[in-house]
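As a starting point, one isolated chain is supplied in structure tokens, in the form predicted alone.
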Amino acid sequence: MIQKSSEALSRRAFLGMAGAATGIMVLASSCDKNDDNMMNNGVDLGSGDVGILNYAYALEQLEAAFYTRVAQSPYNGISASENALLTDIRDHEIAHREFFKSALAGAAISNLEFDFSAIDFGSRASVLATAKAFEDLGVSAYNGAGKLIVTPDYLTLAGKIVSVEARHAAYIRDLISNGSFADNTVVDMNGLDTSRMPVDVLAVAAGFIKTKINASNLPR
């Protein structure tokens, strides 16, 4: 079981990524943050590697906010094991979010606002279905963004995070239906996981994000 202090977890879990973080901050320091990135067209994620990192940061904000709500108000009938592991997932997502926020520094987008009104947090089925959707989406997002990343250290970082997200997805899937952790809805006949490009990921996530996001400058 991981330590429940998010700040301590954030410091320790990413100690080995310090080199990548330093590189992100150096690159980010050369990018102007234009009025908190908020323009008439929405929060601008930016361009190049910084834009991709802000894209990942936005998704980690979404997942962290969702699991924080789950932990604050556990669904009816939740078992001690489920509660403990979902809390672990929350802490992982918070650590991911805080890492990107710290590393991007002045180039980081603002805190986003979310709309979880469609989720019944008292219902196990509703919470787990949403968790499954978010985790599968997150894995496909990192998979799709990998080819857009130029800096090798950032690609390594993304690989470390997506492997954790895939562990989350497998656990959530098996809570819903045992043995479904790698079924043909996420793994193809070649044994490869699904991938999505940022425009497709953000279109799905938009149903839960109140803040308008401008991804027009992301690499394609």
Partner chain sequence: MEFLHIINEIEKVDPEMPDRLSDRRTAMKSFAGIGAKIGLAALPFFIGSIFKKAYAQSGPSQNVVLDVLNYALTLEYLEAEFYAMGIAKGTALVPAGAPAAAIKTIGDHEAAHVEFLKTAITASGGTPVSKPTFDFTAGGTFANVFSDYATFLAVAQTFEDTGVRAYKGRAAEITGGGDLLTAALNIHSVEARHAAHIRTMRKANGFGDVKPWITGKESGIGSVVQASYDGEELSTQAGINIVNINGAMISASAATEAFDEGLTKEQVLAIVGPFIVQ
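Numbering follows the first chain given and starts at 1. None of these values were measured; they are calculated from a predicted model.
A second form of this protein, the form predicted together with its partner chain, is not displayed here; the remarks below concern that form.
- When contacts are judged by a 4.5 Å heavy atom cut-off, residue 67 does not count as touching its partner chain in the model of the complex.
- Residue contact with its partner chain in the model of the complex: residue 55 places no heavy atom within 4.5 Å of it.
- In the model of the complex, its partner chain lies within 4.5 Å of some heavy atom of residue 99.
- Within this chain, residue 186 lines the site of its partner chain in the model of the complex, having a heavy atom no more than 4.5 Å away.
- Within 4.5 angstroms of its partner chain in the model of the complex, the stretch 109-128 places no non-hydrogen atom at all.
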